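Included below are structure tokens for two forms of one protein chain, each presented in isolation as structure 1 and structure 2.
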Structure 1
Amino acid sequence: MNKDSNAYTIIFAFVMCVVVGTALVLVAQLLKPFQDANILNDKKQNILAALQIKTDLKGAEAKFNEHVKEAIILNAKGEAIDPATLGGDPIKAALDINALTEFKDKKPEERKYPLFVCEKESKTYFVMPVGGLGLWAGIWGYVSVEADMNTVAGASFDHKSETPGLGAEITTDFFEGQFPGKKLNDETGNFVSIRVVKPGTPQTEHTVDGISGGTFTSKGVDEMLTRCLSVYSVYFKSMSNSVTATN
């Protein structure tokens, strides 16, 4: 075939597209298990961060297995779903739930809320995933509470595309470091949440400073926390009532 002809050029381009496209698909398929493993380890790393346990991606699985002892999945009413319906390992089932996807893709009454029961230095902690919307796209995080199911032990947050230097500051030590010691409930046991307020507002045990210049992201975190933590609060209250009745 004449290499200077239009037909040759078109056939050559077509063959190259098929070859390169097939190669890219094969590479993507080969790398997918590694990508999935990295996504899972990143989630485990963030859960551990809410417990104030620092680890890198490589060490996340071992640390996670060391500290995460159990998982419970709640329905939108704050009721524990029967583990027998989860199809095997409850911890794996809990890890498979994406708090952001639950928020974006499901009706409120259909959402599931995983709860991780953890141990650190012989003390029990509960880690709660949360998901919502920032200024530009999804935001998510993990909040841990102590065995009293009220005192916050730590929090970690992340985002898809918040503005660097503004809304993206929710991932910084400055913002996350305000959470330990805050309370979910008031003195009478009623749920209050952790409210994200305007920077400079006098602080209480239920508030943290928002991000200067990141008003919409701060409001997104505030909404996300109140909405998600209220569901976990119902479960915690039922647990406390159960313990009280037993005693």
Structure 2
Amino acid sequence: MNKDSNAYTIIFAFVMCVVVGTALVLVAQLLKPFQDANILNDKKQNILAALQIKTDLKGAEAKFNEHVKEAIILNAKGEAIDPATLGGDPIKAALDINALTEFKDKKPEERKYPLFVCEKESKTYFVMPVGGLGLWAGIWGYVSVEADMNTVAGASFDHKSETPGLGAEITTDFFEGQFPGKKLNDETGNFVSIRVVKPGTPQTEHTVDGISGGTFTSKGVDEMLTRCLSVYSVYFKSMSNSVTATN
């Protein structure tokens, strides 16, 4: 057959598309279970990192089951959603919620906010997922507070495609390590959030240093923290009020 004829060219292109397409579908299907397991374990690893528990991807599941005791899902007003309406295990339902897609794809009043109740060295901690936008794409993370629902115990952040060496530094110990000990509320109990400020600015208990050269990513973290944590703070306030009331 003439290699330069139109018929040959069209048939060749068609066959090539079918072969390559089939190969890619097969590869994607074969690898999907591995990838999904990695993504879930990565999430568990990040939640544990916010509790200052270091683990690798493989050990994440066992440690997660050991430390995470309960999950509560809040609506956008900071009220707990009745667990009966979630269908099944609340921890699984909470893991299924992706803070980033909640932010990107849903209207503010429809967003859901999962809250993980964890235990470490017989102390209670709360882990709050947060999600927002950095310079290039999504950023997300987890912030944990102690049982007083005010003092930050730790934070871990991750990103899709921030610039390595600049914005991507939000995942480093240098940045995350600034969070433990910071306070969400001021002395009168009003919510202030944790602000990411220009590096070198004098620190208070409500601020952390941003990344030099990663200004937009730092601003994204700042916006994400204030927006998400404010919802959780409403729930925390209602909880501490009910505790005082029952006393």
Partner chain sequence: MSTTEVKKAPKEGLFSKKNRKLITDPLNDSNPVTVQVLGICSALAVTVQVKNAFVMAASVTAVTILGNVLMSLMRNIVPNRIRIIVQLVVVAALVIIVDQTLKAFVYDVSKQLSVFVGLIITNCIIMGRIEAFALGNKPWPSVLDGLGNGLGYGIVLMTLGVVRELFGSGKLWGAQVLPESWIYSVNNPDGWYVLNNFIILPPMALMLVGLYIWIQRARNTKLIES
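Whichever C-alpha set is largest while still superposing within 1.5 Å between the two forms counts as the rigid core. Everything numeric here is computed off the predicted structure, so don't read it as measured data. Each residue is numbered by where it sits in the sequence of structure 1, with counting from 1.
> Can you tell me whether structure 1 or structure 2 is the form predicted alone?
The chain shown first - structure 1 - is the form that fits the description.
> With both forms fitted on the core, how large is the C-alpha shift of residue 13 between structure 1 and structure 2 in Å?
So the C-alpha of residue 13 has moved 5.9 Å between structure 1 and structure 2.
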